[in-house]
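As structure tokens, one chain now follows by itself in the form predicted alone.
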């Protein structure tokens, strides 16, 4: 009889806690797993890769182990012209996103077509793969699905990368790492919420838009504009370059910090960037001693700045 009341209380507390966890975590996960992935969701997970944040393959958040998004205008195998096609290249050893390794999360129809027609189950991480997004019919409904072009068309990862110039490549997955690492989501959201938001920032995402993406990078506070559809509002890479190097070049009263250090040591031509000189010339421009601000260096193809801009241009 000793401490009988306490034992009952502990059991009741454990039951209440366990029930709340099931209701809060398990039931929603079951519901979300049954949602059909949209074409937008397929594009996001294929462009971002396995994890869009801290992971064991990228512990320092440098953008390692991420796919490359390319635009093909010719077949990598035959060299014959094709309709412009967006492909997601996973070099050998690059981890696949959840939709490839666990296709059940893609939802009914998308999973069926991706496995049976797209042959995604044949993708091999060690050999690499090339994925594209196609449309097919499932029970009278048109749905987007993933095609493993390595299995269906013979497109190998290295051959596909060699078939496109640097201008046709986008390092979207690595760019999202920069977005997370630099704390962009502390001020910017990727989730328009209210009706007035939709009028300016664009339509809110649907539940099926996030199948296979981790993390979502919604953001929890908005001190700056929402960026979910930013590339639809502003598709200028030049503007993005100026904005990231020094936001005051395009918005004089911006509170956003400079991200010029993402340019690294050299510009696109391999010339060393003199940051001290640039900032001194910019100060002269602010003081009215110069008519024009100094030129912003073009980011090197391997720079973190280029990858972050690629991510911004992907958000449409």
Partner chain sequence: MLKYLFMRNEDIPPGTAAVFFGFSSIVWFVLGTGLGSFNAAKLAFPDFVTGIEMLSFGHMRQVHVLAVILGWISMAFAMTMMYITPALGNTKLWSEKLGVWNCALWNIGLALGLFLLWIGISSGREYSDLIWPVDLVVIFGVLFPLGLNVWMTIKNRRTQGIYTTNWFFGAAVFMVIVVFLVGNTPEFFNLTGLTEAYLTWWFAHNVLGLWITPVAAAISYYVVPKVTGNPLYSHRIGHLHFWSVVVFYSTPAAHHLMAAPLPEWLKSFASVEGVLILVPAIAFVSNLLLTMTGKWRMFVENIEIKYTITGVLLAIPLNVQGGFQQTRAINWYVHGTGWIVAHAHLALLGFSTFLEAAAVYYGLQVLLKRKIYSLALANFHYWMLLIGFSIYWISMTIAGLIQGAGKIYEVPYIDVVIAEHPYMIARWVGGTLVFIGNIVWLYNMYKTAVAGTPIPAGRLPHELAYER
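What you are looking at is a predicted structure, and each value in this text was computed from that prediction instead of being measured. Positions refer to the first chain, counted from 1.
Heads up, the form predicted in complex with the partner chain isn't pictured, but that's what we're talking about next.
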Okay, which stretch from 63-71, 47-55, 265-273, 287-295 lines the partner chain in the predicted complex, with non-hydrogen atoms inside 4.5 Å? 47-55
Please determine whether residue 211 contacts the partner chain in the predicted complex, using a 4.5 Å cut-off between heavy atoms. yes
Would residue 218 count as a contact of the partner chain in the predicted complex, using a 4.5 angstroms cut-off between non-hydrogen atoms? yes
Non-hydrogen atom contact residue 84 with the partner chain in the predicted complex at 4.5 angstroms: no
Interface membership of residue 39, the partner chain in the predicted complex, 4.5 Å heavy atom rule: no
Heavy atom within 4.5 Å of the partner chain in the predicted complex - residue from 230, 100, 105, 157: 105
Counting only non-hydrogen atoms and a 4.5 Å cut-off, give the residues of 238-257 close to the partner chain in the predicted complex. 248, 251, 253, 254, 255, 256, 257
